[in-house]
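Here's a solo chain for you in structure tokens, the form predicted alone.
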């Protein structure tokens, strides 16, 4: 499969929930069928004991309902690893090295839709239980090479996202020969991490002081 994750702007004059409802309606009009719910979350940890003047290294620990027995850990700027669910217990034991940045948890929760060979997930992105934005994940199940199916994915996304349809993500263009085999869904999670980072920055611009 090839996955693409993007942020969708809230419709003018509408709330986050109203915009999500509009996207649901558009998908259902196309003939997409609901297939349960999904969630993705991200906890931020700060490395402790850094040398004076050194920037604090951040570690992001992420979970995805599609892979419930796994935890994904990504350092800011790479690298990343996939571990079992006990990784969260390990992080508690490593609290003298990595401090949980309270109030920095971001999550996306929402509905899964199936349309032909596409799986679509429309999520509400929340921080501190407050809705901050909208995520859309589109998975094309019939191909593993982005260059071979991106135009088809883009055309499908235009059918319900309109002018909000994104361009080819950097995670695809950086792949050698375009081969893409997300065995551990790390590429998908790095796209969510980028989206969550944008949501955090928007909070800073809004003057809330949240990183």
Partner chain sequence: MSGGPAVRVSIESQCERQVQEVSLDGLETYVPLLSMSQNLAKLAQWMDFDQSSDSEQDGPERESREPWSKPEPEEDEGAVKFQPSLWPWDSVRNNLRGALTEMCVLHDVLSVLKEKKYMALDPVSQDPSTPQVFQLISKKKSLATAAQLLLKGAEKLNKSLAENQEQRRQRDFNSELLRLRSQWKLRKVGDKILGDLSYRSAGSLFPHHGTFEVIKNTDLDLDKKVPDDYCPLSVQIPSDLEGSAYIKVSIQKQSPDIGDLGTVSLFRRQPKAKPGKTWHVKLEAAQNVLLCKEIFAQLSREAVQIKSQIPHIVVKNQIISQPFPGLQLSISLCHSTGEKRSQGASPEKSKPDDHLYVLEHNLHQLIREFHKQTLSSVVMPHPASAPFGHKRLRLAGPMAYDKAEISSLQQSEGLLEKIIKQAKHIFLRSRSIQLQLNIGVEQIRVVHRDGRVITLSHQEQELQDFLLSQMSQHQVHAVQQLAKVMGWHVLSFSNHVGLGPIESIGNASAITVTSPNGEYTISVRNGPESGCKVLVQFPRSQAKELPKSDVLQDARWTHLRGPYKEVHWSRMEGRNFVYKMELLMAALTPCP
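As the structure is a prediction and not an experimental result, all values here were calculated from the model. Residue numbers count along the first chain shown, from 1.
If you look for the form predicted in complex with its partner chain, you will not find it shown, but the lines that follow are about it.
- Stretch 61-69 is the answer when you ask which of 61-69, 156-164, 26-34, 143-151 has residues with heavy atoms within 4.5 Å of its partner chain in the model of the complex.
- The contact with its partner chain in the model of the complex, taken as any heavy atom within 4.5 Å, belongs to 82 out of 124, 128, 82, 100.
- When contacts are judged by a 4.5 Å heavy atom cut-off, residue 42 does not count as touching its partner chain in the model of the complex.
- Although the partner is absent here, residue 96 lies well away from its partner chain in the model of the complex, with no heavy atom inside 4.5 Å.
- Put simply, residue 185 is close to its partner chain in the model of the complex: some heavy atom of it is within 4.5 Å.
- Looking at 85-99, the one residue that comes within 4.5 Å of its partner chain in the model of the complex, counting any heavy atom, is 86.
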